[in-house]
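What follows is one chain in structure tokens, specifically the form predicted on its own.
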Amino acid sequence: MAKYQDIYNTLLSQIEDRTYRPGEMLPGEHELMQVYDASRDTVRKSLSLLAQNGYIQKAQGKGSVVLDINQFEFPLSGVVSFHELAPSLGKNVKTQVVMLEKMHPDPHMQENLHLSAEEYMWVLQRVRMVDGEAVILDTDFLNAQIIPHLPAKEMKKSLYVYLEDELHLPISYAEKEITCAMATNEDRMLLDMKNFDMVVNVESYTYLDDSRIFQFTSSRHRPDKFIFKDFARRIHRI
């Protein structure tokens, strides 16, 4: 077995048995060279293989951060609420409402929600806790002309359940855009960011079945915890 593969297997075993826990740093390249009596190129090849297989994230100037191999799957297709996903995410899943305010939209939200400056929107911000860690920051901007009341108690449970069961609003479809973004001060304040300096940001525009947009959402995820999955089929040429 090649030496880089042997180092890779040893480090992988230590990650799997949680000698190195998610969010912790692996020893630096120089230390690994001494421990394994290996060249820098050999150590770098082992680390690159760990990164390629999703076990670590290399952070420039910082080293290698151990990722959580127990990641959660989030579907890309479909309109699914966090409440509906919660049973698959863990035994201890909670939602904290950190903001619920009614205000006039700024120009950006006027465009996103098709509102005038005189109309109102709701700003609903929630932190999602999974097994004691704050790993998602959801900020919803909602058309207050469509949704006149938004009780905070219900928002700890499910926005969509409230809209569909209480207000009888038929939610139909969403458009989503996924990007990586640098963590903001707000992310660092509200999320358990550990050593990560970036988030996965999912922006979505959600519509009723009459094609009215009622919601714009920015959902910011700590990058080690989530895999976004979709199903794709190739359409063959005729």
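Every value quoted in this text rests on a predicted model; they were computed, and no experiment measured them. Residue numbers run from 1 along the displayed sequence. Take the two forms, superpose them, and find the largest set of C-alpha atoms that agree within 1.5 Å; that set is the rigid core.
Just so it is clear, the following notes concern the form predicted together with the DNA, a form of the same protein that is not shown.
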- [ ] Only one of Leu67, Met193, Ala38, Ile171 comes within 4.5 Å of the DNA in the model of the complex by heavy atoms, so just point that one out.
- [x] Ala38
- [ ] Let me know the one among Lys176, Arg188, Lys62, Arg212 whose heavy atoms come within 4.5 Å of the DNA in the model of the complex, would you?
- [x] Lys62
Open item on the list: For a quick test of understanding: in the model of the complex, does each of His30, Thr42 and Lys58 have a heavy atom within 4.5 Å of the DNA?
Closed with: yes
Open item on the list: Quick check on Tyr8: any heavy atom within 4.5 Å of the DNA in the model of the complex?
Closed with: no
Task: Residues within 4.5 Å of the DNA in the model of the complex, restricted to 1 to 18 and counted by heavy atom - done: Ala2, Lys3, Tyr4
TODO: For Tyr207, decide whether the Cα shift between the shown form and the other one is 2 Å or greater, given a superposition on the rigid core.
DONE: no
Open item on the list: Superposed on the rigid core, does the Cα of Leu169 end up 2 angstroms or more away between the shown form and the other one?
Closed with: no
